[in-house]
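As a starting point, one isolated chain is supplied in structure tokens, in the form predicted on its own.
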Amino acid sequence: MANEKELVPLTEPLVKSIYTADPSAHVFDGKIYIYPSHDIDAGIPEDDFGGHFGMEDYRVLSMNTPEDKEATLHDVALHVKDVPWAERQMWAPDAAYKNGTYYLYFPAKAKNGAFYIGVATSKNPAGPFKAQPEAIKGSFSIDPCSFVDDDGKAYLYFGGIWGGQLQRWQTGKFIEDVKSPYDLEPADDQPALCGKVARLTDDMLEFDEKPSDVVILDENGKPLRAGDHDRRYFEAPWMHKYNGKYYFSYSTGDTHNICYAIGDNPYGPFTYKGILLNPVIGWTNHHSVCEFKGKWYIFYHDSTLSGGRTHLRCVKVAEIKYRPDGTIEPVTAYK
């Protein structure tokens, strides 16, 4: 990537009055609603576990069209103090709609230092949301992504390594005593850690099954290896459907790509196809994909609003284009 000081952004932040990141976009009632994390300067020194990402609440954004120059910023949708089981770090959320109710899925750390995923409900897509008293049973790690298929069945994808703790759940129990977030990762020649997926119950509040691996295959049908940092899964899962195919997209983390893989069902396996979004200014790269009136868009973030500070980001949007074979033209956010 070129020197960040030489890059000229092709898009402007959707809001500038607060810092936002990790946008999950959906069309509800003909409008676009965006569920981002709300970055703050919490005064916490940077560390390898992500402790400086000290977010405390969620603020929903809405837009009439993706061409709007600015999104509407709504009041606080949910605060950590109103979540009985959570202590801190309200990281990247997502939302879904079913049976007249809006559901907000969110990760947070409990008092034992482990991330779990909670759910809150509202009759309004912008909130406020009321959290369930406990985290979803069997949940762990971060970055929930909800997906309601054409048949009405709903799924939750989730998981992130390093600060997201996915590597600390390989035994089925949370491993508390680690000195580094890089501990417990598989060797480079071993299969990479996978994101997770679980079908949700009809009421959207619990898992209807034990979470399973979202396996990403290479061009030879082999699972991606842990050492394949340009392609392997790190965090930020997203699922969308296009022309009957399931598109699983995700961040590669330390190589800063948003990549995608295609499969025939919500569980996969998914075959790697390429880069969806090239690296952005700032360390993290996190996105969502949304259709609006026949066109497709990627919502993403970078750190241009804060001059490149890792944990103070801003949400943006760009159109994406599909090729005739169903692959996607990679998006570059700068010129």
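Position 1 is the first residue in the sequence shown; the rest follow in order. No experiment lies behind these values; they were computed from the predicted model shown.
Just so you know, the form predicted in complex with beta-L-arabinofuranose (FUB) exists too; it's not on screen, but the next bit is about it.
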query	finding
Partner-facing stretch of 240-248, 183-191, 138-146, 119-127, counted where any non-hydrogen atom is within 4.5 angstroms of beta-L-arabinofuranose (FUB) in the predicted complex	138-146
Heavy atom of Ser37 within 4.5 Å of beta-L-arabinofuranose (FUB) in the predicted complex	yes
Exercise: Val289 in contact with beta-L-arabinofuranose (FUB) in the predicted complex, heavy atom 4.5 Å	no
beta-L-arabinofuranose (FUB) contact in the predicted complex: Phe53, any heavy atom under 4.5 Å	yes
Contact flag, Trp91 vs beta-L-arabinofuranose (FUB) in the predicted complex, heavy atom cut 4.5 Å	yes
Residue among Leu104, Leu78, Leu156, Ala236 with a heavy atom within 4.5 Å of beta-L-arabinofuranose (FUB) in the predicted complex	Ala236
Members of 299-315 lying within 4.5 angstroms of beta-L-arabinofuranose (FUB), judged by heavy atom, in the predicted complex	His301, Arg313
